[in-house]
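Before any questions on how it binds or moves, here is one chain, the form predicted on its own, in C-alpha cells.
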Amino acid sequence: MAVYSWPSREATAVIGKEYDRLDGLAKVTGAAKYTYDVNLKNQLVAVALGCPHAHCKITKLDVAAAEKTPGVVAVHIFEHAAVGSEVQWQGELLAVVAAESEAAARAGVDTIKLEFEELDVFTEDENLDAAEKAERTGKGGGKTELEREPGDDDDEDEFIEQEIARLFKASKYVVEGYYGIDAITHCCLEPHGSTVEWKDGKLVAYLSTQNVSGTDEGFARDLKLTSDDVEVKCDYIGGGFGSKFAPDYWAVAAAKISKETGRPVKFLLSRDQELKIAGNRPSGYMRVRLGADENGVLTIWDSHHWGTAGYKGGGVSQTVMPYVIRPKNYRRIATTIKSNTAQSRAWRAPNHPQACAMSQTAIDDVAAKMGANSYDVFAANLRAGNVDSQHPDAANTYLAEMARGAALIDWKANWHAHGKGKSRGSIVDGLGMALHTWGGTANNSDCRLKISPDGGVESFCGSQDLGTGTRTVIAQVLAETFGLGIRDVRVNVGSSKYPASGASGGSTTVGGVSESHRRAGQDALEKIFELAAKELGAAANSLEAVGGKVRVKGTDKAISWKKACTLLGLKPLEVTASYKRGDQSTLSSSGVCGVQMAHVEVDKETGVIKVKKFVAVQDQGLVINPKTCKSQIYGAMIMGIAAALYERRITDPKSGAFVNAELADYKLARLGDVGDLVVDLYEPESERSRGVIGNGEPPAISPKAAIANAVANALGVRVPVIPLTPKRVLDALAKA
C-alpha cells in the first residue's frame, strides 16, 4: 500500500501552480450544456402556478380549462395543493402544466381557476414585540458560560444574575447596542429544475444539483424506485450556494409527468419562483450588552437575538454567538420567529455571516467608545485567548493574517478614530475589519482510476463541479502523481453512476476529491513501479514519475511513461480508492481562519456607500490551484458586498408579498460597485503541511461585518442593520 503524501513545495511540478479551468473554453463558447440546454426529442415544457398569497386556505383549484388549452398535454396538481390545504408562503407551487411549448404551458396556467380564503400574515421578523404579540415566537435556546470557583453551589439563577452584574460593574467600558441583518434569498443564475426522461423503465434526470451522487436516492424514494433505477447527470451548474442538494418536489413532479405521458419533460423555475421558493438565508437581530477592560479585552457578553428561517420558525443559530472573539463569560438567549416566508436553505457558511455581522460590529463599537484603533482591540482579544475558532492555532494565525491585511490596505496610514477622519465636502472615509472561521473537513469520495496500456489516464468520480474548478483540481492531482501535464489526464464527473462522492456543501469537495484521486493515483503508481522496476533493473521504491517518465531517483536512468504503461499488457489497470469523512489523513485537514478589511467612503448627504478597497487574507491549508482558489474568494467578496450594501428580501407587512422577487428589483452589486479587490493566500509551511482544506464558505462570512465597521468608522455612527442602504445611513445620522 502506498504511503499517501503530497510533494514538497520545492518538488511539486503541478500542484500549487496556476491553471485555467479545463472547462473554461466550453463555457465561454456556449458548448457547455447546462440543464436548461438539454433538449430531448419530443420533450414537453412545464410551467407552474405559484400561490399568489403568503398565507391562505385553498377553497377551489380547477384545472379543467388548462387541460383543454391547445398544446397542453398534462396537468399535475401537487398533493399539498388539495382543496382545504393551507399555504404558508407566497409562491408555493400548486399545479404544473406540461405542453408542447413554453407559450402553450403558460397559456394553460393562465386558465387555472384558484379560489382561496386569506389568513393572517406575519413577515415582520425584525420586530420582536410584534412577533410576540402575534404569537409567532418560539424558544430558540440559549447558553450561559461564567467562570466560577469549584464547588460553588449557589443557586444557579441567582449566581448568574449576580455574577453578570458584577462583571459589568468591574468593566472599564460597557457598550449596549442593537444590530441586525436582513434575510436574503437564493437567486442562482441557473434556476432550480431538471430535464427528465424514462428509458426502459429507468429515470434519467439532467438535474441542476450540488449533490450528483445523492439525489438519485431522493428521486428513488419519492418515486418508489431503487437508486439503481435512477441516473442523475449534471455536467455544469449555474450556481447553487447551498440551495441545490435535493431533487425538490418540482423535479419529482417532472418525473411523474414524464412517466405518465411517455415523453421527456423540461421543468425549471421561473425567475420570480426561484427567488420566492428556492431558499433563503435567515435573518438575525440582536440586542447586546458587553463589557471590556482598559485594553478592550471583552470580559462579559450578554445578548438576546432573534430572527426567522421561515414558516417553521428558526433563525440564526445561537451556538456561534458571539462569533470568533468570545469572552470566557457570556450569556446568550435566542428567540425564533415563525413568518409566512419560504423556509431557509443552506447558504454559503450557514449562520456564520449573520453571527459575524452582529457580534463583530458590537466589538468594533467597543473600540469606538474607547477611541481606540479597532485593529488593536481585535488583536488584544486574540492575545488574551478570547478566541473560538476551528483552526488549531487560531490566535497566531489571525494575528499573522491581520498583519498581512493591514499592510495591503495600508491600515496604519488610513486609520483614524471613529468619525474623526478628514472630509471632502460631504464625503468621509473609514476602515473596518472582521474575522471568520470555518471547518472544511473533506467529504466522502470514491474514485475509479483507469490507466490504459497506451498511457492514457482516466478517472471517474460522482462529484460535481460547481464552477469552482473541481475538474481542474482533480486533473492537477493526477498529473502531479503521474508526472504528466493536466491535459494528459481525463477527468469524468457529473453522473450518479460513477463512484459516489459527497455533496458540494460545507467546503468539503476539494478535500474529498483530492483525497480519493491522490490515493488512487499513488496506489496505481505503486503497481506500475513494480513493473517498471524490472525493466530498469532497480528497486520499485527507488522510482519516481516526473516529466512524462518513470526514472530512478537521482539518475538519468528512465523509461517514458507510455513505455511503462505498455508493461501492463493488453488490459488497462483499474484502481479504486476511497476516503471517508473523518479518516485520519496527511492529505487533508480542517479548520481555517480568515481576515477581511474594507476601506470605504460614505456621502453623508446622500447616504451612498462606495467600496474603495477590499482585502481578504485567507488560509486553506495546501492550495492546489491558486488561480481557482482566488476566484472563489473574489466571488465571495463580491457576494458579500452585495449583501452588505444592497441585497435583501422585502415583504409587504400587510399582505406578506415578496415585492422585489425579480432581478430587476432584487438589487445586487454591479461591476462599478465592488472597488479594488485584493486577495492574499496565506500558505506558510505550517499551513501547507496540513493538507487540503475547503475554501467555498470562509471568505463569504466577513464582508458584511468588515464593511459595516468601515462605515461606522467613517461616520462615527453605527448603521445597525445590514444591508446598509442610503436610507438607513441617513436615518442613523439623523438619530445621532
Partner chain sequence: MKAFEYASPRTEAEIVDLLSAEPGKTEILAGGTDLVGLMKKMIVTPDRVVNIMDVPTLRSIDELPDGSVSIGAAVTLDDVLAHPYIDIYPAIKQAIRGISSMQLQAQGTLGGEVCQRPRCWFYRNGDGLLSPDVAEGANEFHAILGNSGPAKFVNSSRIAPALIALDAQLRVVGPEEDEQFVPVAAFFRSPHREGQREHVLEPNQFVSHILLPPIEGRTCATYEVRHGEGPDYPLAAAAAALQFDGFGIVRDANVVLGQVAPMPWISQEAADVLRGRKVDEALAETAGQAAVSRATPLSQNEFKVQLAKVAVKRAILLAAGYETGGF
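Everything quoted here is computed from the prediction, not taken from an experiment. Numbering follows the first chain given and starts at 1.
This protein has a second form, the form predicted together with its partner chain, left out of what is shown; the following refers to that one.
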* Structure fact -> The one residue among L275, M597, A442, L645 placing a heavy atom within 4.5 Å of its partner chain in the predicted bound form is L645
* Structure fact -> its partner chain in the predicted bound form has a heavy atom of only one listed residue within 4.5 Å, and of G371, G425, G201, G569 that residue is G425
* Stretch from 294-302, 103-111, 498-506, 259-267 whose residues place a heavy atom within 4.5 Å of its partner chain in the predicted bound form -> 103-111
* **Exercise: R166 in contact with its partner chain in the predicted bound form, heavy atom 4.5 Å** => no
* Asked: Is L730 close enough to its partner chain in the predicted bound form to count, meaning some heavy atom within 4.5 Å?
  -> yes
* **Proximity of K667 to its partner chain in the predicted bound form, heavy atoms at 4.5 Å** => yes
* **T12: touches its partner chain in the predicted bound form, heavy atom cutoff 4.5 angstroms** => no
* Is every one of D228, K233 and D583 within 4.5 Å of its partner chain in the predicted bound form, counting heavy atoms? -> no
* In sequence order, which positions of 669-700 have a non-hydrogen atom within 4.5 Å of its partner chain in the predicted bound form? -> R670, G672, D673
